[in-house]
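In C-alpha cells, one chain follows: the form predicted alone.
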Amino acid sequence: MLDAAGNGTQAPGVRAVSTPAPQSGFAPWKDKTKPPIVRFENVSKRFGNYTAVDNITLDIYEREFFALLGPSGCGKTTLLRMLAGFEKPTEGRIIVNGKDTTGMAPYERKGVNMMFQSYALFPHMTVERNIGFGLRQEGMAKDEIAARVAEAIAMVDLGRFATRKPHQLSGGQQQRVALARAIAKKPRIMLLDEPLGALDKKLRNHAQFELMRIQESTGTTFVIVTHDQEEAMTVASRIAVMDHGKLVQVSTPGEIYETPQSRYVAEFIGEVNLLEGKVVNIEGGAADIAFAADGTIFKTRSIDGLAKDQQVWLALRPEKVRVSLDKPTDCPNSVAGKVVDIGYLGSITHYHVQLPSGQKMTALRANAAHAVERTVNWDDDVWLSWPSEAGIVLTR
C-alpha cells in the first residue's frame, strides 16, 4: 500500500518483507546471474490444427508481479493453464524453481496455486471454511489451519464476514475470499486468471491496488492473465504482450508504453496516433520523415537500423500532442486540422482532429483550470504540435 509520498506501508497483520519492493529498483531480469523461478522453454500448445501457443520462451523471476496481456484467443490463458498443470505442452518444457514440471499433475506442483476467474467458492461453506479448505485437504493440524486462515482473513480485511457464506457477500468480497484461500497455502507462485473481470470499474481499480499490496507484503510471485491494458499497466512489474500465440514484446509497463516495438503494441497499449511516412534524412541521432499524406516533414529521434527511404510509422501518444488555435512558432512539428469531436472526461479532454488528408489525430488536454468553458470547440480550425522527442519511430 502506498502513502501520499509513494512509500510502502505495511498492512495490519501482515509480516514485513525485508527484500526491496519493486518500486525501489526491483529488476531481477537485468541480472544475468539470477535464475528465474519460472522458465518456459520453446513451449507450444496445439489443439488439433489450431496453435494456441507458438514456441514461447520466457523467464519469470521470484517476487515479480508478471502480467500476460492480450486479446481473447491470443494464448495467454492456455499458457497460464500449462504452468498450473491443467494443460500439457505439445512441445517444450516448463521449469519451476529449477525442476521440470512439464508432465506433473496440478496437485504435484508444490508451491504453485491458482485463483480462478469464477472464484469457485463452495456455497455451503462460510468464509473461514472456504479459506481453510485447501489446508484441510493437505491434512494440516487444526491449530495451524486456524492461524493461517486468521492471517489470510486479516490480509484481505474480511474479519467482519468470516462466518458468512458466499451468497451473503458482494462480488468484491467473494473475490477477496478466493484470493485469501489461495494465499493461505503460502505458495511461492500465485496464478490469477482474469481475477477482477467480474467487478465494476471502481471496485476493480481498488482491487488492483489491494493485489499489489498483498503481493508486495507476501513476496509471492504473481502471474496474472488479463485483457485489460490499464490493469496490467497498474499492477505488473513486467508485461508480456501476446498475439496469436506468440510473445510480441516483454518489458516493463513504462517501456511498453513509451517505447513499443511494433504498431500492434503501440495500438494495443493505450491510445496512439500513427502517421505513416518515409525517412528522407538521418543525421546526428535525428531523423526527418515525410508524411505520406501530404509530404509534411516531421522531425523526430532516430532509432538503430533506420535507413533513408525506409517506410516507417511515427507513433505519438495523445498526451504529448498540443492543440491550439494559432500556429505554434516554438515547435518543430505541426499540422493543421479541424476539431470533429470532443470528449470531456473531467480531468482531461480528448480532442479528435481531422487533417486535410482525412486522417484523424487525438490530442489530450489536462483540465487544470476550474472552468467548463473551452477555448477550443467543435469545428474550430486548430493546430496540433509536438516536440521532436515525443514521437516513436516504428518499422513494423
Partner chain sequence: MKGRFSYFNATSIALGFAFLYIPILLLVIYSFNESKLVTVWGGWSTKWYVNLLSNEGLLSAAWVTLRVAFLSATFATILGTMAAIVLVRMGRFRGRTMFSGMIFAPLVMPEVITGLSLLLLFVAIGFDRGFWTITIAHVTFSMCYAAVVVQARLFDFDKSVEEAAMDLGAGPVSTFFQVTLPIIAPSVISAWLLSFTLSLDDLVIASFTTGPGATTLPMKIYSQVRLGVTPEINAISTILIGIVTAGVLVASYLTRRQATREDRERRAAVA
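Model, not experiment: these values are computed from the prediction. Between two forms, the rigid core is the largest collection of C-alphas that superpose within 1.5 Å. Positions refer to the first chain, counted from 1.
Below, we turn to the form predicted in complex with its partner chain, even though it does not appear here.
- Stretch-level contact check against its partner chain in the model of the complex with heavy atoms at 4.5 Å: of 100-108, 217-225, 141-149, 253-261, the positive one is 100-108.
- Checking 237, 273, 175, 113 for any heavy atom within 4.5 Å of its partner chain in the model of the complex turns up a single hit: 113.
- Only one of the listed residues (154, 120, 306, 286) places a non-hydrogen atom within 4.5 angstroms of its partner chain in the model of the complex, and that residue is 120.
- Residue 133 belongs to the set of residues with a heavy atom inside 4.5 Å of its partner chain in the model of the complex.
- Its partner chain is not drawn, but in the model of the complex it has no heavy atom within 4.5 Å of residue 279.
- Although the partner is absent here, residue 158 lies well away from its partner chain in the model of the complex, with no heavy atom inside 4.5 Å.
- Contact annotation: residue 247 falls outside 4.5 Å of its partner chain in the model of the complex, judged by heavy atom distances.
- Applying a 4.5 Å heavy atom cutoff to its partner chain in the model of the complex picks out no residue from 307-327.
- In this overlay on the rigid core, residue 293 has a C-alpha that sits less than 2 Å away from its partner position between this form and the one not shown.
- Once both forms are fitted on their core, the CA shift for residue 88 between this form and the one not shown remains under 2 Å.
- Positional change of residue 122 between this form and the one not shown reaches 2 Å or more at the C-alpha, relative to the superposed core.
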